[in-house]
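Given next, in structure tokens, is a single chain: the form predicted alone.
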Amino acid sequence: MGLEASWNKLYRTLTSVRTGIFFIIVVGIFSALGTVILQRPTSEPEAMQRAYSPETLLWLDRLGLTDIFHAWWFVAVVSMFCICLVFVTMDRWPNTRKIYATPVRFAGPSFRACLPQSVQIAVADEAGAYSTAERVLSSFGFKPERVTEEGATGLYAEKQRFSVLAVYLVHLSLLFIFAGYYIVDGIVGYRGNVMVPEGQARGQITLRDNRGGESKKTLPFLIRCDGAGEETYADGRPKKWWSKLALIENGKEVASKTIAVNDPFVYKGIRIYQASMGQTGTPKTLTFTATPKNGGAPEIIRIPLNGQATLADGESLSVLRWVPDFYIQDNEVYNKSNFPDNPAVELGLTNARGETKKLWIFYLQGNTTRGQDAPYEFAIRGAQMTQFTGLQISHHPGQYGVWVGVVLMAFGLPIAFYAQHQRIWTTIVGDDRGGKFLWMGGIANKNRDRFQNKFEQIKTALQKELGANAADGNARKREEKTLTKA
């Protein structure tokens, strides 16, 4: 098989409506599976493990069925459908363009023979017949125009010529939707998560792949959390989570917004959603009770983390170190985790001579500095923990194509279903015996049964008008003959 023959066969396959229908059915089937089978990364790994056995989950991952919309084979199927759609459109466009730009305006003998619907009505006056046909067609919403070709005259009338372009509008909308949602977002789109403590900034998010693994992605900006909180109902149920965010780009704050659930922060096509809220293992401020050893009144001291406060006698107290979950090894304090399950605090008590005494408070082991040779006994009274905001970051650049496609579809589908290109031609023809007839023919590009009914109505109206005119003409002729004889 030669190259030209191979290309012709491929071209016929790609321009076949059956090929396009096959691919769109495949896309529909796997899209439906994507709504039934739990998908990564939106589903938690624990939920996946509860839903499927290890062997089932292994095969689902191998086949890409746990992340269908990002699987290479699914993107390839959607791409093939888009290619078929382009080829089908290109193959049919020249004929449509000819119909739209240069329609046949005069019905010659060969053209009249091809029309499925036509009628011939005997007439005596050509000019009157054309005028009557123009009046009747106008009453049915047509705008007839007289055309002349090779010395012959006729009428051409049409309605809703724009409807021939509706199918291409629908094709274009499908290309925007499929290419945007499935191809662009499937290749370059992403969705990840990040936790940002108050007063800190993060520039990396965590992505989950279709096998349950994780990876890091660096954003083009830093997300700084300037505040986070929770509003509750009277019974204590969560009412609203909010986060005050600022975006840092090239060392400068470029945008800021207080977000809440369903009110994302959008910057350069990247959406930042409020996903969760919680407390970190690091306090924002610590409150201590300072009891003088000489028996004086206890003093309440509130100190920011890594900050300091002045006591009543002029000495200063500072927080040197916070250990949320301590353990002791070789007489040194170490941290096991970031959860405040077993906290310890190292304090610094500085006197007027600048001498600093280091003191430890182990919260679950007495919560006191007693026995550490200091003029005060300190105890942890409370802590205001730093909040963190859990953010979901998504980037779907194909969504703009989807919106364009939806708008085009909203215009294209009504036109495709409810509008039809209707064309009607009329001209005067003769027979072998010298008789004259008004010939009328018509065609519609779709809903032809409906057009046939309208054509019958136009024919009836035209026959009635021309019959009345013929009767009036015959009466006038008889009257003229009577006057001549008289």
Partner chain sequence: MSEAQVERQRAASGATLLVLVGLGIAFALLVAFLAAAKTHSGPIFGEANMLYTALVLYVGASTLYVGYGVTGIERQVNSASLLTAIGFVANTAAVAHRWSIAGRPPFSNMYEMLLSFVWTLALMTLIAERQYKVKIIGSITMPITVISVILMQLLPSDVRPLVPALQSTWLQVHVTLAMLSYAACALSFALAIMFLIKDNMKTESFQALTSAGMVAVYAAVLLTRFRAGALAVTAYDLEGKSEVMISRGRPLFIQIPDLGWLYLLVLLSALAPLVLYIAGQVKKNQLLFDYASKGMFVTLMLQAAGLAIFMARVRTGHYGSAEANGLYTSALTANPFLLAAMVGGIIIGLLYMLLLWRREELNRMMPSAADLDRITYKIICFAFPLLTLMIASGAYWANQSWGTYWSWDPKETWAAITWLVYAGYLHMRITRGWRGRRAAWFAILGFCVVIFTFFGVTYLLPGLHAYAAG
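Residue numbers count along the first chain shown, from 1. A quick note: this is a predicted structure, and the numbers were derived from the prediction, not measured.
Although it is not shown, the form predicted together with the partner chain is what the next lines describe.
With the partner omitted from this view, the residue of Ala113, Leu413, Ile328, Val86 that lies near the partner chain in the predicted complex is Leu413 [heavy atom within 4.5 Å]. A heavy atom within 4.5 Å of the partner chain in the predicted complex is found for exactly one of Pro238, Gly366, Gly227, Gly141: Pro238. Residues placing heavy atoms within 4.5 Å of the partner chain in the predicted complex fall in a single listed stretch, namely 441 to 449, out of 441 to 449, 457 to 465, 428 to 436, 54 to 62. When the partner chain is considered in the predicted complex, Met409 lines it closely, a heavy atom lying within 4.5 Å.
Mapping the unseen interface onto this chain, Leu174 counts among the residues with a heavy atom inside 4.5 Å of the partner chain in the predicted complex. Residue contact check for Ile24: one or more of its heavy atoms lie within 4.5 Å of the partner chain in the predicted complex. Within this chain, Arg208 is remote from the site of the partner chain in the predicted complex, having no heavy atom within 4.5 Å.
Residues of 167 to 206 lying near the partner chain in the predicted complex, listed in sequence order, are His171, Leu174, Gly180, Tyr181, Tyr182, Asp185, Arg191, the criterion being any heavy atom within 4.5 Å.
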